[in-house]
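The same protein chain appears twice below, in two forms, each given on its own as structure tokens and labelled structure 1 and structure 2.
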Structure 1
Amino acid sequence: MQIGLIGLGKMGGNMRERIRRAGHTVVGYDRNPDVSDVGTLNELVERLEGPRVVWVMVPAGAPTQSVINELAGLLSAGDTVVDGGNSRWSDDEKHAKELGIKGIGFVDAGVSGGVWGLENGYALMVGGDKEHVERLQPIFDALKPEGPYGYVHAGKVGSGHFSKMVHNGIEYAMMQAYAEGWELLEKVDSVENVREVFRSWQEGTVIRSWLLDLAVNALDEDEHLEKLRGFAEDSGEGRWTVEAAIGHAVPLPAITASLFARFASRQDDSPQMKMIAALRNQFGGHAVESAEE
């Protein structure tokens, strides 16, 4: 299968490679000419045979809207656009309508896997009409992890990104719990090897997880996280999760508290946020701030 991929950053670049390894043709475009296969979006579209499929992996909001607008003028009826970035689900409904007027299909794909996705595969939560989703199945199969899990057609347009948003909200709460436990263990005199306590939880406990594995990786690199500043950004999806919960009158005390804890981290040097920052760097390659800054 042939596909265009726009945005070749930490996620997009690895996705291009994984799709190619599965035997498909990928024409990639990025503003960085060092990683781009073509010089312009117009050239990308011209390189693809119709009906075309173009996957967008750029930041949510204005950058995604700009690309959608440009593609609307370049693509033809019968083509399909996939937004695989972290867009807000309500934007998906808008984009589907805008493209649909021109006969262009739209699919939203929540993508999880971070910098590990190239080797491990990407969990995919997909929203859109059945005909558009089925057309993309070979690409989804190339990206997903091996085995029966890691892919779902969640429902209508917007459902993929809504599902990924909730996934990220849960991720916030899980990271916060590990961080709080780590800080408490570090605080008491009786526990002399906090890193090995975390390592002992990796087998046979009900709290074992990939996030726990990544926490151990971070502690192996910096046992007491002394090199990090206790500051953690939020991607926006945690806020959207809380906003959606308010709109639907669904109580989310753990997720909401974890979001507010990140806000608090920007007011002082929080020990818990050192672990949050370390985990975000481990799974997503997100930037961290040095304790020396």
Structure 2
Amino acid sequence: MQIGLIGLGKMGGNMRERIRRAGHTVVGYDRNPDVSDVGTLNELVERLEGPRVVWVMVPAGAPTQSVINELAGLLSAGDTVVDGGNSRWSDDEKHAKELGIKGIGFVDAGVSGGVWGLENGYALMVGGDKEHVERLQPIFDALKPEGPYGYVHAGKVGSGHFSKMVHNGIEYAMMQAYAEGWELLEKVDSVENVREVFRSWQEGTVIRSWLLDLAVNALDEDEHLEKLRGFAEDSGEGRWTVEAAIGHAVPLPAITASLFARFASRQDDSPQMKMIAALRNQFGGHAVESAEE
């Protein structure tokens, strides 16, 4: 089938390639003319036969909103738009309404896979009405990994991004779990081969996982991670997960601890710990003693 694909960065570019390998026609657009198949969004729309399907793969927030706005003007009733970017789930219903007024369908798709997706396939979590989702099925089948897993129609509009967001929240806490264990093992004299401990866990243990495999790869490149700073960005989805949990009164202690650890990792000095130091100073005297008080 035919599909328009807007946004040909690292993710979008590889997805175009994977869809084409499956035998479909992709008309790609990117602001960067070096990678773009067409010069304008308008041209992209004209190159597609109706009912058209257009996949949006641009950064969440303003860039996605801007493309949705343009598509609302260019597309026709019966066409379908997929937002495959990292949009906040709460944007999806808004976008569905804006397009729905013109009779244009909307599907949200959380996409996981990173640099491994081109070869291994992309896990897809999809939200939207059945009729819109079904239209996209050949594309989803092209993108997803082989085998029975890696694709789900999670529910209504927004559920795709929501599921992907929760996936990322889980990912934060799993990464934190391995990281905490690694730091503790590195601190203990009796454990002489932390890297080999991690490697051994890849079979027969309860904690074997793809992330563990990646940890072993990382330790093979740099056994004590001496080349790295303990500094971690967060991409927004961890924050949204905690916000969603707060909205639903769900306690999320491990995921939130993982998010906060990232926040702290980015501070040169911790203002809150300055206040702790100041308070200890106040009640302990200027030459703070070894005793708390």
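For residue numbers, the reference is structure 1: its sequence is counted from 1. By rigid core we mean the largest C-alpha set that fits within 1.5 Å across both forms. On a predicted model such as this, the values are computed, not experimentally measured, just so you know.
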query: So which is it, 1 or 2, that shows the form predicted on its own?
result: 1
message: Once both forms sit on the same rigid core, is the C-alpha displacement of Asp268 at or above 2 Å between structure 1 and structure 2?
response: yes
task: Please say whether, between structure 1 and structure 2, the C-alpha of Met15 moves by 2 Å or more once the core is aligned.
output: no
- request: Having superposed the rigid core, state how many Å the Cα of Leu279 shifts between structure 1 and structure 2.
  value: 37.3
